[in-house]
Ligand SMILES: Cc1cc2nc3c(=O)[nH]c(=O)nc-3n(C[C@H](O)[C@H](O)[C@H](O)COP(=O)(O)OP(=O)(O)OC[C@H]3O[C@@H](n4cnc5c(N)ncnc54)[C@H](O)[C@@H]3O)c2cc1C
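The chain below stands alone and is given as structure tokens, in the form predicted on its own.
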Amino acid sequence: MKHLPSSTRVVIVGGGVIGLAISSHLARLGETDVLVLEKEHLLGSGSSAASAGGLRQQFAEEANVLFAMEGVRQIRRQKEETGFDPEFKEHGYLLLAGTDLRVAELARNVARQQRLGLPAEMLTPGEIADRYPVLRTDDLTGAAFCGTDGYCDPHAVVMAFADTTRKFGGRIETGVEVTGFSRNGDAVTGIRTSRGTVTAEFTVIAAGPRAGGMADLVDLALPLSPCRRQIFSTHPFGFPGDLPLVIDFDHPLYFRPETGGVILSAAETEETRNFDLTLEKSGLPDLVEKAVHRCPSLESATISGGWAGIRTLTPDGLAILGDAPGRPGLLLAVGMSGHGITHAPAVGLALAERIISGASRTLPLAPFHAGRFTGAAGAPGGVIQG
């Protein structure tokens, strides 16, 4: 068993896609005195491994759109720059609306996205039917679509970040449990682990669903809700492989092609505190009924399996990023609200710039600051697609 260093400039708690994105960007920008700690023995074995791999840029909030666009730009270049192929299927996201109110909401979002340079568009029910005849459209009022959205292999994204971290001199250790934080008054000065204490100038919590418990250890209350999300897969049955990832907000579910079949999930928001990942099939008949309603050809599909994961939601659906309020030396990259794979590359860049330069120069961190929850928080929007 290797000894941990007694000190490092940056220590990152969490070896999933978010923590590794931060370490990768730090290493690329020249900060190699970085230590990533993961309590499991495999990197990316938590929420990153349970992701559906969606890459969506169609958000209601400007900051989320900007982070997602940067994330897609980086993932599009990943194979060329790292050799790890994310298998990015740029087939788009189709967001379906069944009411006039929903169409108006999507249209406002599309107008905002277009101003930011995203090639999003609104489609009529007739246009949806023409493009995607496998979908039922007689009960729809419209849809939003972006052809540069899509889906990818999350494992390849995680491994690319890990490889870059190591290649440029960063250090990653697995099987290390963080048991506490070192403090000097309010300031966080490092961590205590199952393998010793490490002092650090910057400590970053990027622990996914465990982030709330980590924050509790420094008396920092964050409005994080870890929620179970289940994904089911079908056997191959000749389903068209170029269909977008389809989200039906009014019959809550999403589905996308996968190796001749589909994977599909409901809009689950059940909070969990025991992190149980046992697959629960009691809701499967309702999910299948909704899926067949929207895509009648799914009636011939058979379920082959599935898995459960945890996404960590915030009250407004935005992540919590940047300096922890009242805890100098502690940075947060938590509450990704189901968008971790999409946003990870941008989060990594923004946090790395904050650590190296004192501020994020490429992307805005202010909208994601934890201090926004000291006032009234709005309801989360569009978290179904996590």
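For every residue, the number given is its place in the sequence shown, counted from 1. Computed from a predicted structure; not experimentally measured.
What comes next is about the form predicted together with the ligand, which is not displayed.
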Given that the ligand is not shown alongside this chain, does residue 13 nevertheless sit within 4.5 Å of it in the model of the complex, heavy atom to heavy atom? yes
Look up in the model of the complex whether residue 96 has a non-hydrogen atom within 4.5 angstroms of the ligand, and give yes or no. no
Although the partner isn't part of this model, could you tell me whether residue 123 comes within 4.5 Å of the ligand in the model of the complex, counting any heavy atom of the residue? no
Partner contact for residue 294 in the model of the complex: the ligand, 4.5 angstroms, heavy atom: no
Using a 4.5 Å heavy atom cut-off, indicate which stretch of 324-332, 350-358, 24-32, 45-53 touches the ligand in the model of the complex. 45-53
Among 71, 92, 142, 208, just one has a heavy atom within 4.5 Å of the ligand in the model of the complex, namely 208
Across 328-343, which residues bring a heavy atom to within 4.5 Å of the ligand in the model of the complex? 336, 338, 339, 340, 341, 342
